[in-house]
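Heads up, the chain below is alone and in the form predicted alone; it's given as structure tokens.
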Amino acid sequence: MITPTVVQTLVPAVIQAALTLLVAPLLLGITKRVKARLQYRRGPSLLQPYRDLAKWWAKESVESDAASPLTAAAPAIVLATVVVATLLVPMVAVRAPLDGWGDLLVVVGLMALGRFVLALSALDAGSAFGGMGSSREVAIATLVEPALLLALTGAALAAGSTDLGTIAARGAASGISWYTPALLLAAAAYAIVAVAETGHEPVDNPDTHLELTMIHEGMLLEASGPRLAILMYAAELKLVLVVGLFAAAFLPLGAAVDLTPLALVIAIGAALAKLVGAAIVLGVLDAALAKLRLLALPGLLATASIIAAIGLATRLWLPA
């Protein structure tokens, strides 16, 4: 027999899973529309990313003669890592759908695993562009991942736990007192890292296929058909993951602590507002900023690590 407690646990989990899985392509559509409007263009429909996924899914996959079975398996592995990581992050309620199965370290590890498999699959095709995109992605990852861990450690220290549900619950219960100088520094560092993780200006240009500028797109040039659809959907879902991680660690206001109908409605609205707000900000960045030269990116990402380290030092030396 299903008990009320189980129902109360399952309902927000199902809502979050459905919300995050369905809204991911829409966020890309919002980003592209905002960018186009700011550039005085009409821009594509908000639903164009859904149509693109359907178009690619209906086409035939073509693989390089040099490709191994890794190329065929990589899209499913990459998508699985993003889906599981997303379900570990509390967005609607302070307890994630897979609450108890992993903490923020597991989420960061899954993100790294997905990136590693994608880079390997791009190399596996044996093309020059795939190798170029992989080398650039891995080079950036060596700077992004330490900054990401340092920033999230700031939130973990504030909550006294690496469990994302505990962090979100502490933040939601603390209100404005949650925002200490140390946490604000960690949030600023995470914001820089988020731009790199989602592949937007000034770190990457998601709309270009120029040899001198593309990073993430370089790893997808050999993908086609359903494999391309899965990899593109994984990239769109990663935006939900990155924003959800930011919301859980640094902006948990609005997340449902008590699983009442009213609290869930407010939490759904708050989660949608955070996701849409992030998509609009990324669209503004894409329109307002130019892509940095590759040699300038280490300086930007090192700045994120320094800001996060200062936040940690502030927290350790001047505890709230």
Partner chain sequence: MSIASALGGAADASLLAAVAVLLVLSTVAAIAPRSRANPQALSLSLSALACVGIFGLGVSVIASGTPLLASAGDVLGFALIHVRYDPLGGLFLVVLGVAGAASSVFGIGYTAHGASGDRTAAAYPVFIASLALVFGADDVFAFLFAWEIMALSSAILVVGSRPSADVARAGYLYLALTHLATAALIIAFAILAATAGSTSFGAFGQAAARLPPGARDIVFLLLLLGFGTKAGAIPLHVWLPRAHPVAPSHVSALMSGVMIKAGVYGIVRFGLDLLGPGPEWWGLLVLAIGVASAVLGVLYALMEHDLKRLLAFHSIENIGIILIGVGVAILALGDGATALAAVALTAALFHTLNHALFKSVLFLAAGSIQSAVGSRDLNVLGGLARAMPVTALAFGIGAAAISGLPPLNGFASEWLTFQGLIGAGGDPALSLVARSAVLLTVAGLALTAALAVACFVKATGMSFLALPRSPGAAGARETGRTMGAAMASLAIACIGVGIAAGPVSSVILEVAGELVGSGSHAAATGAVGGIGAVYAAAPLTVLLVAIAGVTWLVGVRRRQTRRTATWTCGIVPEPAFEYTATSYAKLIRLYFGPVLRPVREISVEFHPGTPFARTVRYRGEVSHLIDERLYRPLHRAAIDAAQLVRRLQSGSLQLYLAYAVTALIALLLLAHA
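Positions refer to the first chain, counted from 1. In this text, all values refer to a predicted model and were calculated from it rather than measured experimentally.
Quick note: we don't show the form predicted together with the partner chain, though the next part is all about it.
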Please name which of the stretches 188-196, 153-161, 170-178, 244-252 has residues with heavy atoms lying within 4.5 Å of the partner chain in the predicted complex.
153-161
Determine whether any heavy atom of residue 182 comes within 4.5 Å of a heavy atom of the partner chain in the predicted complex, and answer yes or no.
no
Flag residue 134 as yes or no: does it have a non-hydrogen atom within 4.5 angstroms of any non-hydrogen atom of the partner chain in the predicted complex?
yes
Even though the partner isn't displayed, in the predicted complex is residue 119 close enough to the partner chain, meaning a heavy atom within 4.5 Å?
yes
In the predicted complex, does residue 13 come within 4.5 Å of the partner chain, counting heavy atoms only?
no
Can you name the residues of 19-54 that have a heavy atom within 4.5 Å of the partner chain in the predicted complex?
none
